[in-house]
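One chain comes next, on its own, written out as structure tokens in the form predicted on its own.
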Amino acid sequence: MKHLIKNPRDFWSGVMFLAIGALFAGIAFTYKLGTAARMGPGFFPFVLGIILAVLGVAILLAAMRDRNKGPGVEKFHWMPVFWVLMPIVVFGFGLKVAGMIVMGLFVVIVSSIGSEDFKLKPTVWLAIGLVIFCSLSFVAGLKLPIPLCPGLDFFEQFALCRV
């Protein structure tokens, strides 16, 4: 099989697109699809999943027919993926307990560790700016019921935390 693959990087990109597209289409298929005129909640993600899967097949086949031998696949770097995805998962579980201010700072600062160019001071300023922007946009502007502060009695004395 290895001799059939002319461009390994494109081949594995196509496999990834195909797998993710099929997964999304499969999950969306469990929802009501409806028709193009009366779309159900699963219609749009199903169509996008199918389009992504078809794109993956096209890239995969092109990688097998490529006349020029493409570059090989480099070693996959797991640590940056961990440092970006782990704080997002922790944010999802900890938002109601710790609040948007604490979890927002956490997710920006910890996910920045995954970068090779990590510098603490600019990252902290970015985190503060993003937390202020998200608090103003989602809590104050859109009135979403997102807690700003940790759910402790101490924080109830601050007007900001009683939103």
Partner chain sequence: MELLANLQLGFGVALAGTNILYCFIGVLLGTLIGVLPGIGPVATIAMLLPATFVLPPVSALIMLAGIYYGASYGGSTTAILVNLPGEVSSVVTCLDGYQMARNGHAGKALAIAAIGSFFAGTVATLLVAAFAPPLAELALKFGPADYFSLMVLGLIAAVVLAHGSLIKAVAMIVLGLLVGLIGTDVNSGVARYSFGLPELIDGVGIGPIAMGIFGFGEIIRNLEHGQKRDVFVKKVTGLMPTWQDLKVSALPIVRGTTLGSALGILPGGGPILGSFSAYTLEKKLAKDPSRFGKGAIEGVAAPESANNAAAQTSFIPLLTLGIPSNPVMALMIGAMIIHGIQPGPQIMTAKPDLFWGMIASMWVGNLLLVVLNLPMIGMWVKLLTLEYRFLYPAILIFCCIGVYSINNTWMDVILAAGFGFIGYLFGKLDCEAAPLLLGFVLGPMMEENLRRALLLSRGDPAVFVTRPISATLLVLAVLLLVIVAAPAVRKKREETFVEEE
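No experiment lies behind these values; they were computed from the predicted model shown. Residue numbers count along the first chain shown, from 1. Just so we're on the same page, rigid core means the largest C-alpha set that superposes within 1.5 Å between forms.
Although it is not shown, the form predicted in complex with the partner chain is what the next lines describe.
58 is the sole member of 136, 58, 64, 128 with a non-hydrogen atom lying within 4.5 angstroms of the partner chain in the model of the complex.
Proximity of residue 49 to the partner chain in the model of the complex falls within the 4.5 Å heavy atom cutoff. In the model of the complex, residue 20 approaches the partner chain with a heavy atom inside 4.5 Å. In the model of the complex, the partner chain sits within 4.5 Å of a heavy atom belonging to residue 144. The partner chain is not drawn, but in the model of the complex it has a heavy atom within 4.5 Å of residue 16. Looking at 30-58, the residues that come within 4.5 Å of the partner chain in the model of the complex, counting any heavy atom, are 31, 36, 37, 38, 39, 40, 41, 44, 45, 48, 49, 51, 52, 55, 58. After superposition on the rigid core, displacement of the C-alpha of residue 121 between the shown form and the other one stays below 2 Å. Residue 18 shows a C-alpha shift of 2 Å or greater between the shown form and the other one [criterion: core-superposed Cα displacement of 2 Å].
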